[in-house]
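For reference, the chain that follows is the form predicted on its own, supplied as structure tokens.
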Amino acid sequence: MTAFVNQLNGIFPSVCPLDCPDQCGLLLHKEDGKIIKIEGDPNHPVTQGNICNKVRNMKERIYDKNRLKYPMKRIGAKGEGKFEQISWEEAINTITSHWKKLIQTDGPESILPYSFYGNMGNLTAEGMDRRFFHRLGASQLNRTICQSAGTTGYKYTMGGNIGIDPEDTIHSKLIIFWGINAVSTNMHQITLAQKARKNGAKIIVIDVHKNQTGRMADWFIPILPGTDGALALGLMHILFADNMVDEGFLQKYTVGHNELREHVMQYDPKSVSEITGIPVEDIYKLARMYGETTPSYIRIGNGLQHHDNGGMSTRTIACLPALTGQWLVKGGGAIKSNSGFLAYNEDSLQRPDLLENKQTRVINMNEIGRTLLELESPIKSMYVYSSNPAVVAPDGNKVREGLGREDLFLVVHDLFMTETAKYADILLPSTSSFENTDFYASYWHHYMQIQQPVIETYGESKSNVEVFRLLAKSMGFIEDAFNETEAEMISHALDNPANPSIADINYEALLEKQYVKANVKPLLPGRFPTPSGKIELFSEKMKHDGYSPLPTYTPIVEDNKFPFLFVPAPNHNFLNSTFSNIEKHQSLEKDPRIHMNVKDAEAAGIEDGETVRVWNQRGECELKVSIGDNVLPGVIVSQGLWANIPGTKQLVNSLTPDRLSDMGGGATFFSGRVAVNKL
């Protein structure tokens, strides 16, 4: 491996570690061993040198004065954030001694890992950690907070995380961004869309908030939260009724088109208009644009799946390209996720064979608050890494109350003293991605990438892989799985005969080229990974699993009578809670706000820029209000997960429900209701 870390000066290849579909190629500029500049790699075939402000300013985060430098133990009250320095030896011995006792008294399931993809490196997110907790026999975590509902729904239609190559979308003539603020969360899809626009394409945005993506569209369509599935069914009604479907495609490549044709008759435009808040004439206009334009492309976002009906809504939208035969046309089709094309050998990486008790309980991460407070056989210890549940998990007041339990032995491994870390008994300093060896697989474009260490580890920080090796040794685990090097783990993970698309991607090729494209065959003609081998407009598997086999609209749950639907959307300069504690990024974002329709503001006597109380039965926030026509009446949208600054009330997940979505056990962040009052 090239010793980038030993070279004090120069420009070195890298990859963005953030949970973002673009997964940019980077160039890191070093002087005297420190990163002084981060820029995009102009040679990356997709990202082509363009990067977002989050990454451009990442050196501010890496060298922030508040970054953790050494292990610590708590000496104050939980949540107070008072710690003193200890050695790594004491930290590891304290953790494993506690766990050995718990295993004896309460069993291994009293221990729970809690993590997500704060760093998208595969070794970091699902490597040695998974091996360790499998071998330990700890409770298993169902990591469903982000995309599981939509992934499950999309798979019922298409069979897997597969869509068109985003590089082909420059050929699209109609591009629909549906439930995604791509300017902030998929910026290179915007770049490709702009290239298509220069060739005559029209861009449509369907969303609950006229955000930056909505403002750049040729046509922005505001929609009431949680009604996206109804709109898709209404479009199908018109496509069938006006003979704008591709009968030959439906006959050859789908199952259930006759049943669907009959089923969608009930979703007439007038009824759909009443559900969605979209005028009847706009529904007709959209249907005709979609039915008459080829190639057309739908970018299905994460937003619409964070509802009670999110899985079915995504499944429904995924049916649309089949109706007009878009999958046969270059630049036509859809993308929800393309991770299936880069699927590696997860069993080799995670080693589920190390889990002796195959009936070990599984805990949904969206329910962590109630789990910590209500579980009959309680969690007695939790190990948190690559996540900040005190801010990002739903029903946040319940989460923080659970983290504050005196009998909960909490370990946190992070770069910063996060809101979660303040509750820790043992706090461990983590490396940044630029200090690690890891490999990355985009869930949008088709390139696999590698990260080699570029800078020395910060203080006494250690990577996830290193820490779990130490924990395994201290626990007395002797399996070879805990002795593999990062290079060996990557090599074994990339050996995946089940996915011929990555047959030519291996560790050596990544070292040589930095990024390698999967050899993805066109979806058609070919067999889809569904039970029938076709696109399933009618799904027998859904019927077997207890769902309607046809796309169906079900309203979101009304769990209270508060007047506003509340959507806590992402912002431009944070990624969940990452960067929210960094002054540079805070200054770029300015302040946390809610967006409110002018009619609602006038009725409540609220003025633009005023600080208001946003509340429901779960909690309250105090946020500034931006008044206008960016949201429909009856809708409130906030942006970003801000850090918990003393003296403020801005943790918006204090308001969100911890219900699970209709399928996939997903989060329902966007299906809550709130009241808004003047302070």
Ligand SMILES: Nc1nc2c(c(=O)[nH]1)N[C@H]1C(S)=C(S)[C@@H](COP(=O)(O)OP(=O)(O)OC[C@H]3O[C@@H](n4cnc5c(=O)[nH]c(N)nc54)[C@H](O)[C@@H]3O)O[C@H]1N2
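Bear in mind the structure is a predicted one, so any value in this text is a computation, not a measurement. Quick note: we count residues from 1 along the sequence shown, nothing fancier.
The discussion below concerns the form predicted together with this ligand, not included here.
This ligand in the predicted bound form comes within 4.5 Å of no heavy atom belonging to E536. Taking non-hydrogen atoms only, H307 approaches this ligand to within 4.5 angstroms in the predicted bound form.
This ligand in the predicted bound form is approached by V652, whose closest heavy atom lies within 4.5 angstroms of it.
Taking the partner from the other structure, this ligand in the predicted bound form has no heavy atom within 4.5 Å of any heavy atom of R618. Although this ligand is omitted here, in the predicted bound form all of I145, N181 and V208 have a heavy atom within 4.5 Å of it. Only one of 600-608, 224-232, 487-495, 248-256 lies within 4.5 Å of this ligand in the predicted bound form by heavy atoms, and it is 224-232. Interface residue among G163, G301, G396, P551 relative to this ligand in the predicted bound form, by the heavy atom within 4.5 Å criterion: G301. Only one of the listed residues (Q452, Q350, S337, N576) places a non-hydrogen atom within 4.5 angstroms of this ligand in the predicted bound form, and that residue is N576. Contact residues in stretch 43-62 (any heavy atom within 4.5 Å of this ligand, taken in the predicted bound form) are K54, R61.
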